[in-house]
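Before any questions on how it binds or moves, here is one chain, the form predicted alone, in structure tokens.
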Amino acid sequence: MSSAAIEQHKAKASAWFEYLRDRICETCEMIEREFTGPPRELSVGRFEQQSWTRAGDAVDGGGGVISIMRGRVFEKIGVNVSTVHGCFSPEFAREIEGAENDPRFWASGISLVAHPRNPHVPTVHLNTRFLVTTRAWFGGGTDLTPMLPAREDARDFHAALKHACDRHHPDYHARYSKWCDEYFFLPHRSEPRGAGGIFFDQLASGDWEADFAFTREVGLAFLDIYPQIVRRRMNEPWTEDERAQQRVRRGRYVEFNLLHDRGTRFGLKTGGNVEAILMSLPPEASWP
């Protein structure tokens, strides 16, 4: 593939991630305004954005924008977009496809984690990215983590993702939902992180436009189904006991993100913004 084509792909991918970020932020702010339940003394949430630049030189650079909202529905939600480039360390290059003999890379993506205030509203994660070394591919996914049992939410979340996958390949949903279950698993506790979703990596079918279309489809499916789930649950009453259960489940979330999450490792290994990397952590958590 020509260098001009690769640069065009980079531009299209990074522009999409920024567009999706803006759509998600608009929708979540709308949900904040629609909310009618307690606690009424809290202010309607609005996203606050902070730009950051990756320290570097002519080789290493880039940056991103952190978007954080703390409100009535979303106790904390972060939607980050970053586009960075540079060279992997020799140690880390051995772990990345296509970087074994040439450590140069370019990466762009969107990363979201929402921690709702109401224990009946599930936590959710979304990440999609485009990474270029001597190869180029898409990766990412989305998964749902209910704080309390809610089969209806998990059912609808999986149905939306299956519909998105089936529009592109008949094997995608079975393959990527299994991959998600295997990836989002806490081996030290022998339990899943949540209700699952889909996870994919190194998606390079040979048809870049098709792979890009699927990546966009995942983002749009998320944008459709998760707000539906939030609106369904956000006005439900909850007890302090349920809030305590939520904090324990959030603790499991912390354990996975700090011990096992590849995105956390990638960000820290490539000199990313620490606050952006750790925005996935909840505002409150507890361990029994």
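Computed from a predicted model, the values in this text were never measured in an experiment. All residue numbers are counted from 1 along the displayed sequence.
We do not show the form predicted together with a further copy of the same chain, though everything after this point is about it.
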Item to check | Sole residue of R175, H163, R94, H188 within 4.5 Å of a further copy of the same chain in the model of the complex, by heavy atom | outcome: H188
Next on the checklist: With the distance limit set at 4.5 angstroms and only heavy atoms considered, check whether V254, L258 and E275 all reach a further copy of the same chain in the model of the complex.
Outcome noted: yes
Checklist entry - Even though a further copy of the same chain is not shown here, does L268 get within 4.5 Å of it in the model of the complex, heavy atoms only? => result yes
Next on the checklist: in the model of the complex, does R54 come within 4.5 Å of a further copy of the same chain, counting heavy atoms only?
Outcome noted: no
Next on the checklist: If we define contact as a non-hydrogen atom of the residue within 4.5 angstroms of the partner, is R249 a contact of a further copy of the same chain in the model of the complex?
Outcome noted: no
Checklist entry - Looking in the model of the complex, any heavy atom of R70 within 4.5 Å of a further copy of the same chain? => result yes
Next on the checklist: Only one of 188-196, 96-104, 134-142, 163-171 has heavy atoms within 4.5 Å of a further copy of the same chain in the model of the complex; I'd like to know which.
Outcome noted: 188-196
Item to check | Residues within stretch 272-288 having a non-hydrogen atom within 4.5 Å of a further copy of the same chain in the model of the complex | outcome: V274, E275, L278, L281, P282, P283, E284, A285, S286, W287, P288
